[in-house]
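Given as structure tokens, the chain that follows is alone and in the form predicted alone.
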């Protein structure tokens, strides 16, 4: 073989290799773009979900604070509190503890308030027990100082009111 043939073969081989490299480069760019789109889309969706959870949590906290503030001003009995709870959270009900003279309302497990009352009133006709004389509302959970939830002694009755 002479030098002319070798140089033609090498030139053709070089052009072939260059074409192959450029084709592969395009494929790598497509793969990288596809991977980038998948990962950023997943990250965006995850970030969006986190923002939804945070916004929902803020909304619940805001509503429970509003309910607690209105309760301090207007509530006299546990039935008044039940009506107020259904105004702010129609699907969630609180529960009375007649033994502890408290009413507990949990919007979520992290956002709850406990209302303390002075006495237990009994309706003579229906024998229904209600709490009256609002003492205080414990909002420690709303301030991030939640202690262990007040547990009811076993065997105690919890009464729920439907208004």
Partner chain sequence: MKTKKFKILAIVDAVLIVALVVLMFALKGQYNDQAQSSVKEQVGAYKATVNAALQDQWKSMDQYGMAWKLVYATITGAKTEAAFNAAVQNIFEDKEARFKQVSYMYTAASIPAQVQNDIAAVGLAEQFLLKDEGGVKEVACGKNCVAKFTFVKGKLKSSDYKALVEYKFADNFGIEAPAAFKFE
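Remember, it's a predicted structure, so these values are computed and weren't measured experimentally. Residue numbers count along the first chain shown, from 1. For clarity, a rigid core is taken as the largest C-alpha set superposing within 1.5 Å between two forms.
Below, we turn to the form predicted together with the partner chain, even though it does not appear here.
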Non-hydrogen atom contact residue 69 with the partner chain in the predicted complex at 4.5 angstroms: yes
Residue 41 near the partner chain in the predicted complex, any heavy atom under 4.5 Å? yes
Contact with the partner chain in the predicted complex for residue 133, defined as at least one heavy atom pair within 4.5 Å: yes or no? no
Distance check, residue 98 to the partner chain in the predicted complex, heavy atom within 4.5 Å: no
Heavy atom within 4.5 Å of the partner chain in the predicted complex: which residues of 30 to 65 meet that condition, in order? 32, 33, 35, 36, 39, 40, 41, 43, 44, 47, 48, 50, 51, 53, 54, 55, 57, 58, 59, 61, 62, 65
So that I can tell if residue 140 moves, could you say whether its C-alpha shifts by at least 2 Å between this form and the one not shown after the core superposition? no
Compare the position of the CA of residue 51 between this form and the one not shown after a rigid core fit and state whether the shift reaches 2 Å. yes
Can we say the CA of residue 32 moves by at least 2 Å between this form and the one not shown when the core is superposed? yes
